[in-house]
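Only one chain is shown below, in structure tokens, and it's the form predicted alone.
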Amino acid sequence: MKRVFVKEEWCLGCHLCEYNCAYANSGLSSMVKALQGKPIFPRIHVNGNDSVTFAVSCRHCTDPLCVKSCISGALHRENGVVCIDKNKCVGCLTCMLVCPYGALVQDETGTVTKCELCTKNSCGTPACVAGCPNNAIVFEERCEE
């Protein structure tokens, strides 16, 4: 299955992946209307320090702890992609606590959100990959974890 991977040595720490992600998941047709003057809630996050930066997003694990720990059944797998049913999420944040990668975050409503590889809003390539100016984020097939 194709997944998002980050080449840390190429990451500039520019945060454009975060903005492209927030815009792609906003449901609005204008980036300005989606992002200007508002807090953003991307499903990918840039971490690091002055010497190394990298983007963190869901790894879509083959045996995901977040899905196992979800008390409401909101997290599930669809065709290998770990997805969330926002209507079922009760905001207990257990999935955030068990994720070894720190890939789940709260959104503006207090429920959990995460990368779903832009399967619900894009045609083909995830927005973070398409918007990375240095090609530090790739969408490719690699050996299973």
Partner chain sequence: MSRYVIVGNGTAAIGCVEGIRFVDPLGKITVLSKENHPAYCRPLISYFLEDKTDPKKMLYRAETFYEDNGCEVLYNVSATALDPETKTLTLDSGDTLSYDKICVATGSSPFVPPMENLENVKNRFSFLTLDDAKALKKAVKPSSRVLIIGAGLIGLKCAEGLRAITKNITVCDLADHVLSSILDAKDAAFVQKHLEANDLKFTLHNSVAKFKGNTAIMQNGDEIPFDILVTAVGVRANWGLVKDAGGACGRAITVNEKMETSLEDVYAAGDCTESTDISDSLIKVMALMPNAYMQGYTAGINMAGGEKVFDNAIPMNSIGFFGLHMMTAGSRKGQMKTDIQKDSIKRFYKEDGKLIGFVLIGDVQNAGVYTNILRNQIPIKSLSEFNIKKSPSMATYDEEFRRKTLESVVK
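Numbering follows the first chain given and starts at 1. These figures come from a predicted structure and were not determined experimentally.
Below, we turn to the form predicted in complex with the partner chain, even though it does not appear here.
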| Is Gly91 a contact residue for the partner chain in the model of the complex, using a 4.5 Å heavy atom cut-off? | yes
| Do Ala55 and the partner chain share at least one heavy atom pair within 4.5 Å in the model of the complex? | yes
| query | Pro64: heavy atom within 4.5 Å of the partner chain in the model of the complex? | reply | yes
| Would Ser26 show up as a contact with the partner chain in the model of the complex if we use heavy atoms at 4.5 Å? | no
| Option touching the partner chain, based on a heavy atom within 4.5 Å in the model of the complex, out of Met96, Ile40, Val81, Met31 | Met96
